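We begin with a single chain expressed as structure tokens, specifically the form predicted alone.
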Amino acid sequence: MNYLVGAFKPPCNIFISFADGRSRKQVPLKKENGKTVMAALFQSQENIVGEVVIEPIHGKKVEHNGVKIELLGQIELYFDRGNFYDFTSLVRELDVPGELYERKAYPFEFSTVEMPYESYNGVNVRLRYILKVTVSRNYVSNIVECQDFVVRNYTPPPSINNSIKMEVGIEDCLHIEFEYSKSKYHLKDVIVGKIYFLLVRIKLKNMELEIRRRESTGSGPNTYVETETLAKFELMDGAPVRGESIPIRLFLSPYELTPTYRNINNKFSVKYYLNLVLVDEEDRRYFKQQEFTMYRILET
């Protein structure tokens, strides 16, 4: 039986490494099997340079029809699992058809690669970048090895960042104004604001501020929307009185946030909302939701 198993093993090992792998920053990447690995971090327009090593096993001869490496940017929708939509596809031929008897190294380089979208692992969608090495063979299956890497793109702080001012009310019962100091936040930012009670004729017992992420995938009748509550922050416990104001100060750094993604390759969007929740003594809940924009700045 062991002989039979051995017959299906590939006759060689393939190793993919980056030229600056030791010095390049590594970040956690969650794989489809749920495990987290460390992966090299890049941004758009960088050169991706490295080496592919092919090592035949136990002196076996590897006959092949050529060796190539591809750089792929792919989107996978989980309701269409297994179908990858390639938005970036570059290829380099590493070797012409021939035979391999011993370890052989192939340098590769992809220059100033356009990687417009960030790596993302969501509820219903995954965007990933991989290096894929293929050893083409006749009559038997090709030998394929993949190496994941992560892309993050950085945005300068916006030149215009208006505050958010809104009112929420129930006629003759409740009138509240709330204000957030700005509408765009970076991932390590602090949400600062104030809530003013102008009219209170309902017995409120507490108030919370939630950060919600809404991921929408697909289009038309095949649109799937998932909303996650990422953070809950208690603003008030007890009944407010007219004229009272409550300060808001919510640090974003403890939460796993991404930038806002709008219509990525016509496949998905990720948006963030501040959700103000008021609860009265009869446990009725009142909501007011406001979208805000997240962006990533270069970490120093």
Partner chain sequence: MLNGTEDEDKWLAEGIAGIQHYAFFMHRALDSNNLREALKYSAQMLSELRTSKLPPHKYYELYMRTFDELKILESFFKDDSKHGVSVVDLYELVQHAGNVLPRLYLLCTVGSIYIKSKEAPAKEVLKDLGEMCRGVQHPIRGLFLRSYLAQISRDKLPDIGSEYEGDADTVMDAVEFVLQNFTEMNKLWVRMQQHQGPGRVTEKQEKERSELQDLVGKNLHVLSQIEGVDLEMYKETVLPRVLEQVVNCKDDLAQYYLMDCIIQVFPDEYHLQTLETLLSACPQLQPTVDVKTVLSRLMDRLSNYAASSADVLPEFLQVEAFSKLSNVIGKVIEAQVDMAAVGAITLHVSLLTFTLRVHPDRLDYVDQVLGSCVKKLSNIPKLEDRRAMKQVVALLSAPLEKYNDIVTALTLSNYPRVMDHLDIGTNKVMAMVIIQSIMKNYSCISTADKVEVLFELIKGLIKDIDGADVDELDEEDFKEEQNSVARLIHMLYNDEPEEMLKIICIVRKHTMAGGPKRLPFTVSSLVFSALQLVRQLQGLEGDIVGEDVPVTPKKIFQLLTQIIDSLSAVPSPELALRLYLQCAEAANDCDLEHVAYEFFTQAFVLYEEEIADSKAQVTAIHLIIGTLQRMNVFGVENRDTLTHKATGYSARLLKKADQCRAVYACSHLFWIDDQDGIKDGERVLLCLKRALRIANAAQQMANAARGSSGPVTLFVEILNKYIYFFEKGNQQITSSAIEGLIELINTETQSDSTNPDSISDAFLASTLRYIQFQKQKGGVVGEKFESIKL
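As the structure is a prediction and not an experimental result, all values here were calculated from the model. Residue numbers count along the first chain shown, from 1.
The form predicted in complex with the partner chain exists for this protein as well; it is not shown, and the discussion that follows is about that form.
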ask   = So which of 65-73, 253-261, 266-274, 24-32 is the stretch with heavy atoms within 4.5 Å of the partner chain in the model of the complex?
value = 253-261
note = Answer key: of R81, K165, K194, R103, within 4.5 Å of the partner chain in the model of the complex (heavy atoms) is K194
inquiry  = Is S245 part of the interface with the partner chain in the model of the complex - any heavy atom within 4.5 Å?
reply    = yes
inquiry  = in the model of the complex, does K61 come within 4.5 Å of the partner chain, counting heavy atoms only?
reply    = no
request  = Give a yes/no on whether I48 approaches the partner chain to within 4.5 Å in the model of the complex, heavy atoms considered.
outcome  = no
request  = Give a yes/no on whether V241 approaches the partner chain to within 4.5 Å in the model of the complex, heavy atoms considered.
outcome  = yes
remark   = Restricting to 215-240, the residues within 4.5 Å of the partner chain in the model of the complex through any heavy atom are K232, F233, E234, L235, M236, D237, G238, A239, P240
